[in-house]
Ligand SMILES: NC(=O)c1ccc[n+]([C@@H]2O[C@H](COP(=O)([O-])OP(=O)(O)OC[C@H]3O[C@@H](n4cnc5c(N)ncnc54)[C@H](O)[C@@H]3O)[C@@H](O)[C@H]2O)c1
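One chain follows as structure tokens, the form predicted alone.
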């Protein structure tokens, strides 16, 4: 292909070298003349393992040209990869000045181009930027329409500084956020030879996924470092502890817990987080991330409370009360906390949970519920149908086909269902279904 690459920092320069190595004709575009002169001379503008030799080789091949003329680069290529910087502004927002200016230049170039063109944004940009900000600019400047005369898409990159070439050749996957098939086909032709899965998704999901990945990486680094600080204060080998943690591939290094849902609870997580924070404080160790987890969990519970209160209705039916489906453990269940808060607001509650029976609650479990919902015996109903029929709002904290079928059978159009478990397809449920964060 004939490819133009805009922005020749780490991502752009490495992409230029690797694409040219793979046989494509590449035009490098940047406003920094020094970078262009270096590439034209077969030198690398970035310090990166393997780039010195690779840039010498591709420059000698004759497949690389450089320019400051964005319009000419668009006209002389079939596909453009946009890798310009999006640094932080002083207030923490994203400075999109460079990419906005480029969008206008590319739009003007498309105005006089007769062949279809694909623009692939690879710069990290906040969700909605491609469709709500960049597309209108390009359409206005070009007088053409996305999906008809040109195609916009978003393809996040996963190149780490120091190992960019290796990461380019062996990515975890190739994500393409696109609204049309043509740009997906073009990127499959460009990157389909790489040893990974190519996944098509929405533009917004692709934009958000890049932020999510970077935030998760930062979270993992911080978790390991806070753990190390606490281990050091306690005389524990932090490397040994983290190595043991990583050997659990069922719960720790896995998909487990990485799905949106309701707040966590139960007899382990809340108390152990409190104990960890106290232990750190007693040894003068700061662990701000670990100490903030319970606060974040409380905020998630508040979202559910506000959704219920926003309905303006007073008869509330709970389907599920324990902290997790399939157990009768009510200790620190977020559903118990939510029920307690609603009762405090004067709401009328009825509760169905097939695992919870007052006659069988024992020990700490019974003491906890008696201190938080002392009149629970009056709230519990043995029949899910009765709870559904008597409520204006149903809070669903219990998953399973039996629950879904009961909702399909019993819900009315005048009811609201607050879905805390992601019921999935709500086909057949007559009530208005509102997810917690979905």
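All values reported here derive from a predicted model rather than from experimental measurement. Positions refer to the first chain, counted from 1.
Only in words, not in the display: the form predicted together with this ligand, which the text now covers.
Between 236 to 244, 273 to 281, 85 to 93, 130 to 138, the stretch whose residues reach within 4.5 angstroms of this ligand in the predicted complex through a non-hydrogen atom is 85 to 93. Of the candidates 230, 290, 159, 208, 159 is the one whose heavy atoms come within 4.5 Å of this ligand in the predicted complex; the others do not. Between this ligand and the residues 376, 31, 51, 38, the one pair within 4.5 Å by heavy atoms in the predicted complex involves 31. When this ligand is considered in the predicted complex, residue 8 lines it closely, a heavy atom lying within 4.5 Å. None of the heavy atoms of residue 151 is located within 4.5 Å of this ligand in the predicted complex. Mapping the unseen interface onto this chain, residue 72 falls outside it, with no heavy atom inside 4.5 Å of this ligand in the predicted complex. Residue 331 falls outside the set of residues with a heavy atom inside 4.5 Å of this ligand in the predicted complex. Residues in 269 to 287 all lack a heavy atom within 4.5 Å of this ligand in the predicted complex.
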